[in-house]
Structure formats: C-alpha cells, structure tokens
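So this one's two forms of a single chain, laid out as structure tokens and tagged structure 1 and structure 2.
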Structure 1
C-alpha cells in the first residue's frame, strides 16, 4: 500500500465513521460558535443595584445619579429600608445594595467623615468586582468635588487646590488586553483546547473501531500506519487550526499580535504533538464510546490547570509537572505570549521545544501501543 493510498484510506475511515465525523467536523465548527457565544458582549456592564437613601439630600441624589451614570452600575430602585433591599437581593432582582447614611451631606459639610456602604453578591465575582469598582469611583469623585469646594471656600486659588488634591497622578493602564474583555481572556485558550480534545476523541474512536477487526490497517507495517495516521490528523487539524486562528480570531476580533511565521511554527508543533498523543491514547481503548467520556472528564481540569485562568504559581507543583505532559498546556501558554502579548520568538522557544519533545515521546508510545493492539 502506497503512502498516498494509506492516507486516503485513513481520511475515508475518518469521514465514514459518523461518531468521528460528529466530533471532529461537527465539534470543531459547533464549538467555534458555541464557546465564544456567552462572551460576545465582552465586558460585564450595568449591574443592577438598589440604593437605600437615608439622607435624601442634594448630595445623596448626586451620588445616585453618578452611580447610575457609571457604565458598571444600573440603579434599579430606591428603597426605604434595608429589609426591602434584602428582598430584592433574594428574588435576584438586584445583585448589589448601596446604603447612603443619614446626615451624609451635613456631616461632610461639617468636616466629619462619613461612610458609604456597598454590598455585592460575591457568588458572581465579575458582578461583585464591577459593583465595587463602580461605587469606589463614584465615592472618590464625590469626595474630590467636596474637597475642591472646601478648599475654594477657604480661599485657595483653583490651581493650587487642584494640585494639593492630585499631588501625584496615577496612570494605570491595562497591557495586552486593553478592553479588559472576557473574550481574549478565555476564548483563544479554549479554542486550542477544543482542537486537542476533539483530535483525541477522533483518533480514539478510530482506533477503538479498528483494533478488533481487520482491514487496511493490518496490511501495512506499524511504523507506516502510525506515521500515516499522525500525518493525516495533523493535516486535518492544521486546516481547523487555520480556521480557528485565522477566520475565528478575525471574526471575534481577538488579538493577533504574533508574527504569522511564529504562530504557524507553534501550531505545527502543537498539532503534531496532539496527533501523536491521540494515536498513543487510541491504543488504550477497545470500546468506541469510551474516548469521548474520558476526554470529556479531563477537559475542565486541563483548562483550569493551564495557568491562563488561574496563575501557574498558585497551582500546586505536582499538578503543574503533570500538566506539562499535555500538549495543549505549553501550546496555550506559548500562543498567549506570541499572539496576545507580542512576545519574541526567543521567549517561547523553550515551550516550542517542549512541544517537539512531547511529539517524540507520544510517537514512541503510539508505536508501542499500536504494535501491541495489532499483534
């Protein structure tokens, strides 16, 4: 059997098996739409809060107007008592509560300090942080205005009053993901993981469906079969990868700061390492419904151990070491550095070598495993 005929036979086997087709072709396209879907709006805005205004003064109304004007907060109701506010929270009609104390304006005018109390539902961290951030900036703004007026009243000229309030300015700017968007936080990493997981499932089902019967896979040498299978899946997944990192990144406006050649070099190493891992793993299965189940169960741990969602230095070391054996993990990190943080090639070179190391390791394992199955 020639190489060309073998690869064609492999492609045909992949296409003909409906379970593989659902996962590989269906899964890759379906997830391209489904995973980014919840995050399309990118940032959490207009979190609903209720305000309990005990002061009812011009200043307290100004605070409420400022809060409502903040992009992070929407004031849904002004209530009389804290109990009413709790009712709103329990029914899920609001996720936060702000209390403006009695005598808010008077105490401020008298130069006493006052406290603005904010409560946010920390079951939802993004909601909580949006409410907290919004209220902090509302509080700071109001305070600044009051101080400014107080200094003017004491006869300072506006210029020096401004200066003594903002002696030093802070210019805090997010680097790499300037809109603080959720999309570029998770989606590129998840897309890479989808590529690896569907590949593992596809090659797993293909293997499991073949080991017990005979066919073209018995007629060639093990080395040839393993090589051809790795190449077939790698070529297929390079196409999918170009779809994900080309069109999908363009469509979802994800950052693409990496040089094309660097992105391609990383993807080639990643796809080859994953294909080899897929073929190696396939020799563990004899039932066609098993690969999906195993891969499904390990997906979430892989994503959370990747170091992109939760910082690597806080993950216990044994998990970090173990996770380095999964091709998607160095690939996600390297890709984030190259494509989102515009890192040089020299910075990800070691991760790239790691991918090639994994490719060699899994190729050897694939050879051993497939040989075992076919003998």
Structure 2
C-alpha cells in the first residue's frame, strides 16, 4: 500500500466512524462557538441593584445618581424597606441591594463615619465584585466631594483644595490583556486544549476500534502505519488550528501580537506532538468508550496545571513536573507569551524544543504500543 493510499484509508476510517467524526469535526466547531459565548462581554457591567434610601436627602439622592452613572451598576428601583429589596433579589429582578442609612447627610456634615450597606450574592463572584467595586468608587467620590466643600468653607481656594484631594493621579495602563477580560485572557489557551483533547479522543477511538479486527492497518509495517496516522491527524488539526487562530481570533477580537512565523512554528510542533501522543495513547485502549471518558476527565486538571488560571506554585511540584509531559502545557505557555505578551522567540525557544522532544518521545511510545497491539 502506498503512502497516499494509506493516508486516504486513514481519512476514510476517521470519516466513516461517527463517534470520531462528531468528536473531531463537530467538537472543534462546537467548542469554537459554545465556549467563548458566555464571555463575549468580557467584564461584568451594569449590574442591577435596588436602593433603600432612608435618608432621603440631597446628598443621598446624589449618591444614587452617581451609582447609576457608574459603569458597574444600574439602579433599577428605589424601595421603602429591606424586605422589599430582598423580594427583588429572590425574584431575580436585581442582583444587589444598597442601604443608605438615616442621618447619612447630617453625620457626614458633622464629620462622623457613615456606612453604606451593600448586599449581593457572592456565589456569582464577578457580579458581586462589580457591585462592590462600583459602590466603593461611589463612596470615595462622595467623600472627596464632602472634603472639597469643607476645604472651601475654611477659605481655601478651589485649585489648592482640588490639588490637596488629588495629589497623586493614578494612570493605570495594563501591560497585557488591555480589556481586562476573561475572553482575551484564557480563551486562546482553552482553544489549544480543545484541539489536543479532541485529537486524543479521535485517535484513541480509531485505535481502539481497529486493534481487535483486520484491515489495512495489518497490511503495512508498524512504522508506516504510525507515521501515516500521525501525518493524517497532524494535517487535519493544522487546518483546525488555522481556523482557531485565524477566523476565531479575528471574530472574537482575541489578542494577536506574535509574528506569524513564530505562531506557525509553535502550532506545527504542538500538533505533531499531540498527534504522536494520540497514537501512543490509542494503544492503551481496547474499548471505544474509554478514550472519551479518560480524556474529558483530565481536561480541567490540565488547564489548572498549565499555570494560566492558577499559580503553579500552589500546585504540588510532582504534578507540575508530570504535566510537562502533556503537549498542551508548553504549547499554552509559549502561545500566551508569543501571541498575548509579544515575547521574543528566544523566550519560548526552550518550550518549542520541549514540544519536539515530546513528539520524539510519543512517536517512540506509539511505535512500541502499536507494535504490541498488532503482534
């Protein structure tokens, strides 16, 4: 059987198996739409709150206007009692509640401390954080305005009063992830993980479905079969990777700061290493349902072990070392540095070499495993 005929047979076997076709073709396109969908807005804004204004003064009304003008908060109702506010929260008509105490303006004018009570569901930590951050900003602005008026009352000129209240102006500019959103932060890495996981499942099912029967895979040498299978999956997933790092990055406006040649070099090494790992892993399965269960089970631990969403210093060191054998780990770290942080190639060169080392390691394991299965 020629190389071309063998690769065509591999493609036909992938397409003819419904479980593989759904996982490989359907899974890649399904995750491209489903996973980024909840994070399209990037950050939580305009979270709906209700206000119980027990002071009903000019200053309390000013606080409500400032809260409504805050990007994080939207005041949907002013209510008479906390019980009414809790009913709003229970019915899902609001996500937070703010209580302005009686004597709010009087106590501030007398220089006493006052408390703006804020209530929210901390189970939705991003929503709660947005409400708390918004009310903290409103409280600080109100306090500054009161101090400004007090300084004017003491005879200080407006310019000096303004300078004394804002002696240091903070100009916060994020070095990376300028939108401060979850989408641009972690979705590119998750797309790489999706590529690896669907590839491992597809190759695992393909191998598990063939080891106990006869077919073209028994008519060629082990080296030829392993090489053709790695090439077949690599070609398919380079096309999928082009879709993810081309159309998906453009459509979802994900950061693309790396040079094209560097991105391509990383993707080629990653896809080849993952393909070799998939063929090697397939020799461990004799049931077609096992690859899906095992690969899905380890997906989240791989994401955490990558260090992108959880510090690796808080993960047991043996797990961190063991995770370096997974091609997605060095690929995610290298791609984040190149494509999101504009790192030089020299900074990811070792990770690139690690991917090629994994390719050689898993190719050898694939040869041994497939030979054992076909003997």
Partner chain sequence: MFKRELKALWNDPWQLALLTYLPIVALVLLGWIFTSAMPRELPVAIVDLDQSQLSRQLAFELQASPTINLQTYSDLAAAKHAMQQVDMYAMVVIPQGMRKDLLTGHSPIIDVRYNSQFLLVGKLLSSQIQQALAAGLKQVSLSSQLSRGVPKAQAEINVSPIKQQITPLHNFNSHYQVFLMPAILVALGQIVVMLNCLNSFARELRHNAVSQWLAQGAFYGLWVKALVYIPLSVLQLAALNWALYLYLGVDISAQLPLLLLAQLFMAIAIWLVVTAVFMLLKDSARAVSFCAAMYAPAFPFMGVTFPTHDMPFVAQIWRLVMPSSYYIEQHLAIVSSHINLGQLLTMLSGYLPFLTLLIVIALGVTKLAQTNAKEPI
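Given the structure is predicted, the values throughout are model-derived calculations rather than measurements. Throughout, rigid core stands for the largest set of C-alpha atoms superposing within 1.5 Å between the two forms. Positions refer to the first chain, counted from 1.
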| query | finding |
| --- | --- |
| Selected structure - the one that is the form predicted in complex with the partner chain | 1 |
| Core-aligned C-alpha movement of residue 82 between structure 1 and structure 2 reaching 2 Å | yes |
| Rigid core superposition, residue 51 Cα moves 2 angstroms or more between structure 1 and structure 2 | yes |
| Yes/no, residue 103 Cα shift of 2 Å or more between structure 1 and structure 2 with rigid core fixed | yes |
